[in-house]
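The chain below stands alone, shown as structure tokens; this is the form predicted alone.
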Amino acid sequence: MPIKCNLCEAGAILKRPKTGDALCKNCFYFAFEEEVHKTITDANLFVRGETVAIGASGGKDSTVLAYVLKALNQRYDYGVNLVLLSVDEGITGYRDDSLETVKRNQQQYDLPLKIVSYEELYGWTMDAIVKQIGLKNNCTFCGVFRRQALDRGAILMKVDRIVTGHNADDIAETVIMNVLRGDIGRLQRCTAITTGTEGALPRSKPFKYTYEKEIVMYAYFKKLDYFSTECIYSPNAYRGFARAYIKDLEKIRPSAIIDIIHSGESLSVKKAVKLPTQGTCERCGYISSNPLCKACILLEGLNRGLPRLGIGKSHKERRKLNEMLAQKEEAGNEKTTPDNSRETTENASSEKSASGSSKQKCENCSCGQKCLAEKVEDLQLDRRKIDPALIDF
């Protein structure tokens, strides 16, 4: 016997992953859109007259978000101006194809589009970064750079707010990741529907309580044009393991995703726990809890030939940087000192003869090998040009 829709008694075509309700196509559309509308109104996400940038990647989440926000804006008269904002990370065979989807969405939804690229903002593409860092930590660079690129693109478009397609699954994964990493600062704010209010632009998540499976269903039944290929550099991403864990939980208990989000919302931090204080980056002015923001540190490492400088526990890279700076300074002192004493010269000559080495003398300090000062010079490591905050990082 055919299953009937729980709302209109018509023939049901799907079972909602979130609630288990059997619904027909039209009732599913209505329930999906109304829940997003309720999320927007309950959180007072929009203010009439605002210009809102939709972070558009061409994927299912951002495509459905753009479609639904345009429909709800017309239906309920939010009075906001919607625009599309995309970031080109410079991933050949992935981002260039997805941006073609975004350009089609622009024509389909008749919304303005702005594309900013890593290359124009940072002088690096993700393809070039992966050649330097490999596939293990590349997502760290991409995530940090993309967040800042979205803000910079939004400032160029003079928007008042950014909305992203982060869904309930994404937020539940972030909660789990922050618990596993013991990141109290991020754990406290990762479930907030709006973040960045203390910075230049607030960033909101209208899909905070929307399941990923339902977004896929909505896009499928609406026949929306979206790009479905995963990033070629993300198979080893840490988030992937959290995602697999969440999917396993969802099979056993479909409400687990919402339960994790509610748990994150209910967490409180003891007053005795010291949390990072938000400030601004001394170099670029972007919001940061350190003298230099993460993007500037990562970019500095790339430009200095130390790509791992800002990744994880980077004490080894910091020590390497400090050693190079010390060698540079020592070599500079030797170069400015008058000719060494006769005793030093004789010692150097005797050492050379004892070792039987035929190495050419260094032009800078007669050390019998290529001077470390030249190596450091090749990396353009000049103490005067490096921020003290980076040296202390």
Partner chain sequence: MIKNALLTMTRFHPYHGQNIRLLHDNMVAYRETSFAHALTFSEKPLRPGEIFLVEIEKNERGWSGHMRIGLTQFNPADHFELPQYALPDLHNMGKSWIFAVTKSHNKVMLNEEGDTDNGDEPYQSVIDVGSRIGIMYKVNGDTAEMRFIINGEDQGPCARYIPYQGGNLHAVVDVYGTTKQVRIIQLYGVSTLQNACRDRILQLTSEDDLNKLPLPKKLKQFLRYELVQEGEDVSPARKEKIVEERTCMKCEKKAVLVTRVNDAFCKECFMVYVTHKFRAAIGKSKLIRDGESVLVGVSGGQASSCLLHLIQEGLSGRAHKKLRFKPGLVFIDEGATIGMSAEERLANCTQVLEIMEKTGFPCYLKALEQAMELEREAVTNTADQTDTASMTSVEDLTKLHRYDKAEEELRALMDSLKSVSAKEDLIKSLRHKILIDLALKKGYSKVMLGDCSTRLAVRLLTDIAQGRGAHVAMDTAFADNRCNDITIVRPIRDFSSKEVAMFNILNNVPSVFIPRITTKVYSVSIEHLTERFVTGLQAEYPSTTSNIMRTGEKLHTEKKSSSENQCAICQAPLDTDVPSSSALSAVRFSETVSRCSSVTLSIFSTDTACDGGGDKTCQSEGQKESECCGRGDGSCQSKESKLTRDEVESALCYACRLLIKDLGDVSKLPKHILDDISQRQRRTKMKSEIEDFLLDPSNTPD
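Numbering follows the first chain given and starts at 1. Since we're looking at a predicted model, the values are computed, not measured.
Below: the form predicted in complex with its partner chain, not depicted.
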Only one of 80-88, 230-238, 297-305, 147-155 sits within 4.5 Å of its partner chain in the model of the complex by heavy atom distance, namely 230-238
- Message: Taking its partner chain as it sits in the model of the complex, is His262 in contact with it (heavy atom to heavy atom, 4.5 Å or less)?
- Response: yes
- Message: Check Glu120 for me: does it contact its partner chain in the model of the complex (non-hydrogen atoms, 4.5 angstroms)?
- Response: no
(Q) Although the partner isn't part of this model, could you tell me whether Leu99 comes within 4.5 Å of its partner chain in the model of the complex, counting any heavy atom of the residue? (A) no
Contact between Ser255 and its partner chain in the model of the complex at 4.5 Å, heavy atoms? yes
Heavy atom within 4.5 Å of its partner chain in the model of the complex, from candidates Ala71, Leu267, Cys284, Leu201, belongs to Leu267
Contact with its partner chain in the model of the complex, heavy atom within 4.5 Å, among Ala219, Ile133, Ile176, Cys190 goes to Ile176
Practice task
Spell it out for me: taking its partner chain in the model of the complex, does every residue among Thr19, Phe30 and Leu249 have a heavy atom no farther than 4.5 Å from it?
Solution key: yes
Contacts from 201-215 to its partner chain in the model of the complex (any heavy atom within 4.5 Å), listed N to C, are Tyr209
